[in-house]
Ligand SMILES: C[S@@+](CC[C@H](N)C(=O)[O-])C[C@H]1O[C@@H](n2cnc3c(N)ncnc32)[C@H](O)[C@@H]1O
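Okay, so here's just one chain, in structure tokens, the form predicted alone.
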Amino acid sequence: MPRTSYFNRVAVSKDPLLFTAGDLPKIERLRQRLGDLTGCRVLEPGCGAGPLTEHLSQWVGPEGHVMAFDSSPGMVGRCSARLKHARNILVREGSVEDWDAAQGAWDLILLFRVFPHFQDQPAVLERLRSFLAPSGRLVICHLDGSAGLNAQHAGYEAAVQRDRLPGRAEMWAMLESAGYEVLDGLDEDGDYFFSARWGLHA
């Protein structure tokens, strides 16, 4: 698949989408928004090379658990190598569309920098809903707002040129249509954050 080939090439590049020093304040802001994750079970689809996975390992602590997966074998290999000593993380290869995660078992599903790359975004939201624990949350976030990110993607290779992050109103409506209650929704320059829970559990 073109996307998989693209991210396999990124995985072996000098910059496999790891964090820069300028990103770290945004990661701290994300940690504060997520709240105390000690002991939580976190599912991280599209983990890439694992820059956030590493932080999640610290945030959930030894009693927590992170299941990270990615459809790019190259990214999975890079992530596994970086985090091989973390005992509370499992890294696997797979796509959201085909992933057989334990249903109703996850306190947090975190879609970080991956949502634009789903071909059928509404279907992904509906599929992930069944993985959440009754009190669980789905978080969709990015370090850039939709306008800036979509402009960046337009200048990339054809494999990801049309991969698009929905604007605030569209994302809010998409979540509600998939059966979620939106708890928070923000889309501005340098910041994109949506938090939701399954509406039937509200």
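Throughout, we count residues from 1 along the sequence that is shown. Since the model is a prediction, treat every value here as computed from it, not as a measurement.
From this point on, the text means the form predicted together with the named molecule, which you will not see here.
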Legend entry - Location of the named molecule contact in the predicted complex, chosen stretch of 28-36, 131-139, 42-50, 171-179 [non-hydrogen atom, 4.5 Å]: 42-50
Legend entry - residue 79, heavy atom within 4.5 angstroms of the named molecule in the predicted complex: no
Inset, instruction - Check whether residue 17 has any heavy atom within 4.5 Å of a heavy atom of the named molecule in the predicted complex, and answer yes or no. - result: yes
Inset, instruction - Answer for residue 121 alone: is it within 4.5 Å of the named molecule in the predicted complex, judged on heavy atom distances? - result: no
Legend entry - in the predicted complex, residue 108 touching the named molecule (heavy atom, 4.5 Å): no
Inset, instruction - Report the residue, out of 83, 101, 114, 125, that has at least one non-hydrogen atom within 4.5 angstroms of the named molecule in the predicted complex. - result: 114
Inset, instruction - For the stretch 75-100, return the residues whose heavy atoms include at least one within 4.5 Å of the named molecule in the predicted complex, in the order they occur. - result: 75, 94, 95, 96, 97
